[in-house]
Structure formats: structure tokens, C-alpha cells
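The chain below stands alone and is given as C-alpha cells, in the form predicted alone.
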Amino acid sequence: MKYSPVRNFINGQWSAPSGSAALEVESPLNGATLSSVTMSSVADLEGAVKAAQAAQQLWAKVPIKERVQVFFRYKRLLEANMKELSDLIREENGKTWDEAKAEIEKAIELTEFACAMPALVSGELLEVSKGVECRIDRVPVGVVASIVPFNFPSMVPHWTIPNALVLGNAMIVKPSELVPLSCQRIATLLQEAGLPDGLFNTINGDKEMVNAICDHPGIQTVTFVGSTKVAKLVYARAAANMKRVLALGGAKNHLIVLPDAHPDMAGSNIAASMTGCAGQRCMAASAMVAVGKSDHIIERLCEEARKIQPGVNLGSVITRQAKERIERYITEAEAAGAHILVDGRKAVVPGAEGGYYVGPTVIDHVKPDMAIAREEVFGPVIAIMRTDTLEEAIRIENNNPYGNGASVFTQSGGLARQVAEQLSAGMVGVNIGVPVPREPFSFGGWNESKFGMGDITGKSSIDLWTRLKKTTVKWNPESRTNWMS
């Protein structure tokens, strides 16, 4: 193994998980064993919560202007360790190096936003009656937990870590057991930046640990990112235990392509959207609705897709099981009558024959009722459905149960506005294949893609991590009184 066995980080110290089950941590690039991870016990979680509670009580008393200084230093550490952090993501997740580097760059942007929090939560003060003042302050909720997925080992944890900690909370992160190494490095860098012990803790585990987090009375807020099936379970369980919950689920992002779309821009954008991070992202394009005579755009898409080669500019999928599942979707669509224009099945990378690769796959003449049109494939695959009218294209998009992202490709500003207004999705793009907002705008979908109120990043996240305290004060007994004072 290249790395030592994965450990928990609790109260500033490394400790071995005390559970019995263990898993190997494999690199999907070549199937090599990187490390091993033992599942944690409820006793491990109990220790993390107690440490977090004690640390949070002190941290909440530190002025926010001082708390953010830790994250100014942390941002510099992310920049200084860019190559090492990117290499680690590439090894444990299978991304291309450029994609891994972009993930760290996004983590830096998220940290920068957290450093601006003092300007965003400065409170309010108003004289509401003669001699009477009301003020509003934001106070932390306490101990919070973040359950993060395999597809972004660093970026998704940073959706929550900087904002939650700057706003005065203590945090427990449960990384995916498939990619636990990046969270270990985050812990060491936060400690190096001067974050007091106990405020950031990692606890390794599987679904049993997820349930324990949802049930623990000492945790006030839980966030989750993963599949819709599990997001619903987490939301229901944690909410039943009276916690604040924001659970982000899966997606089936539709791109509506009109005949007047710029062929080169549409072709390259759609190809990049469907294959970026090997299609393993909740904002990947996985369904395209071609309106009218759009063959010329589909041809350009296929040309661009063929330029993307596994092991060169396309990373691996996460496991052998994921590869088999994705290829099964393609085979079943073909058997149901769809046409495979670009086939990525049985991809093998010379020198990395043990890796888990699926090549870009473009499937035409897909019917809306096919599984590949309805379900989240989570691979570099796009299913093309054809319609004669824009109205039918919008109806297809809005009938899908998810609502993470959707885009329209057209050179008509009027049609773009019409489509954007009617799409049932929380993040909408025009001539953009991956319409992810940048800070300070928040990330969050609709419908079956999100359970809970608010968004996980940006200004909207402030309400998730804080409570409002309203204080009314009167000092001057000589002030005239009325019904308001």
C-alpha cells in the first residue's frame, strides 16, 4: 500500500477506528491498492461529538474577525500544496490531473468566500421606538456534520467546512469510504492553519455511521450529498431527530438544443459536460433534447466526443461495479432500439489495464420512457431524444423527477429567456453545459435533487449554519413611552 491505513481525526489527534469491518482503498486509475480504511464505531462518533461540543463553546466566543484569520492562512496552504492535493484526488478518484486541480481551485474559491463572512453577517440594529433598540445577531447552531460523496473528495467537503467553521460551529465530516485520503489532508492543513483542536473532526464509516450521525442528539445540523435514494433516507431520519437537514440527491440534467444553436460551441460544450469527471457529477449533461433539424449539431457533438480518450483526457469511473452498471445501461438502450453513435464500452487504457474506464458514449433516438432517459447513469454517456417542437422539449425536461440543472442552446435571446423561465430546475444555463453558479451565488437544485430548505453554498448557506438572536433594549427611563416601549 502506498499510504498508511486511514485513521479518524478527533480533537486534533489521529486514532484508529474501532470498528471491525475494513475495506481496501483502490485507485480506479489502475486498480492498485492505495490504503485501507476500517469502519468506525458509535463510540468513535461519541468521542468526536464530545470534543466538538467542548471546542465549539470556546470558538463561538471568538469574534468572527478573528475566526476568519485561520481561513486566510488555510487558503494560502491550499495554494502552496496545490500539486500534492491534486495528485491525491487523481489517485483516489480517477480524475484527470486538470480536473483534480480545478477541484482544489474551487476549494480555494469557497474558502475565499468564507473569509468575506464578516461583511455578510454584521447584524442589524434599529431604534424601533423612542429609547428602544432592537438588534439581530447571527449565532452558530453548534455541532454540525457533513456526509460527503466519492465524486469530489475535496470540493464537496469545502462546500460546508469553511462557512460552517467561520460562522462559529464545530464540524464532523464523514468522507466516502471509497476516497477517504483527501479529507485526512484537509484535517492536517486546517490544523497547520491554526484551527483549534476539536473544531474539525473526521470519522470514517459506511451506512451505519451515516445512521449514527443522523441519530446523535449532540449534532444539530446534517448535510448530505449523494444519490436521491439515500438523500431521502438521510433527510427523513435526521429530520425525525429534530435536526436541520440539507440533503442533495441525484440529477438527470437535460440540455435542450435548438436548430439555430452555434454548432461548434454547442458540440464542444455538450461533449465537455457529458464527459467531465467521467460524467460522475450531479451537474453532468446526461440527456439532450434535440428540437427539429439538429443533425448538424449532433454530428459536431460526436466529432468532439471522439476526441476525448480514456486515460488521456478522460478519467476513470470509480469502481469496476460502476463501469459494469454504466455499460449495462448502454447495452439495454441499444436492445430497446436506440442508436449508438459513439460507443465507449469495453474501454481499456494501455498500461492501466486494471483501471475502470468507460469511453464517451452518444446514444441517439432514445425514447423518454427508456431507463437511460429517466435514471441517473453517472458516467460519460448522453441520451439524445428528438422532438419537433420546443414545447414538447420543455415538457420532457419538466416531466423528469429531478431538478438540479438544465440548459438551452440557441442564438435567440428571446427563446433562451422563454426556455429558462419554464425549466423546472434550480440551476439553468444558456449555451453552457454545466451551469454551476460561482460564489457568492449558491449551489442547489429543485424537486428530487434537494431535500431541505436553502442551499449548501453561497449566501443562502448562512441560514443553514446560524440562528437569529433578537435582542430588545431600553436604558433611558426618561424616554416617552407608548404602546411600543
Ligand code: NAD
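Nothing here was measured: the structure is a model prediction, and the numbers come from that model. From 1 onward, residues are counted along the sequence shown.
The form predicted in complex with the ligand exists for this protein as well; it is not shown, and the discussion that follows is about that form.
- Of the stretches 372 to 380, 113 to 121, 302 to 310, 390 to 398, only 372 to 380 has residues with a heavy atom within 4.5 Å of the ligand in the predicted bound form.
- For the candidate set L341, I330, V210, A322, a heavy atom within 4.5 Å of the ligand in the predicted bound form is found for exactly one residue, namely V210.
- Contact with the ligand in the predicted bound form, defined as a heavy atom within 4.5 Å, holds for exactly one of E109, D206, D197, D137, namely D206.
- Not one of Q56, G142 and M171 comes within 4.5 Å of the ligand in the predicted bound form, counting any heavy atom.
- Within 4.5 Å of any heavy atom of the ligand in the predicted bound form lies no heavy atom of N93.
- When contacts are judged by a 4.5 Å heavy atom cut-off, S227 counts as touching the ligand in the predicted bound form.
- The ligand is not shown here, and in the predicted bound form it never comes within 4.5 Å of any heavy atom of Y235.
- In the predicted bound form, the ligand sits within 4.5 Å of a heavy atom belonging to E177.
- Taking the ligand as positioned in the predicted bound form, the residues of 435 to 454 that bring a heavy atom within 4.5 Å of it are, in sequence order, F443, S449.
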